[in-house]
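Next comes just one chain, in structure tokens: the form predicted on its own.
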């Protein structure tokens, strides 16, 4: 699967909130929270549209491309926070998350950030592997952070100003 990245719009809020529920369960953001992030100062929200749906959109006027992934970045001073990154289960391991992160790393650096932080569940080994491959390392652990009782691993990566972030 190939995806087209674009800035999120208000019309994407319902789909992003639905993905939140699928991906994060009780820790999901609702539509109001997604909408608040979309318009919050210092935030950038990207979505990934399924390219196949883009092609179908050409043939079937009025059908919207399907959002299969999204990411939310917050930048404050020299620190960027990757607040969310999520990919629909059917689109996993197709490069969507990699593309989203690859776009956000230089964007964070361009906004003045020198490092990026994120939190990931200690129970989410797949995401931990993804972030390790992208150069993130654990700097802290927050016990019983998530509603399911799992710890949050705080990961960090320096943004060195190169094209890769």
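Positions refer to the first chain, counted from 1. If you're wondering where the values come from, they're calculated on a predicted model, not measured in any experiment.
One more form of this protein exists, namely the form predicted together with a small molecule; it is left out here, but the text below deals with it.
This chain is displayed without the small molecule, yet in the predicted bound form the stretch 93-101 from 26-34, 41-49, 93-101, 136-144 comes within 4.5 Å of it by heavy atoms. Looking at residue 127, you'd find a heavy atom of it within 4.5 angstroms of the small molecule in the predicted bound form. The small molecule in the predicted bound form is approached by residue 87, whose closest heavy atom lies within 4.5 angstroms of it.
At the 4.5 Å threshold, heavy atoms of residue 116 stay clear of the small molecule in the predicted bound form, well away from it. Contact annotation for residue 105: none of its heavy atoms lies within 4.5 Å of the small molecule in the predicted bound form.
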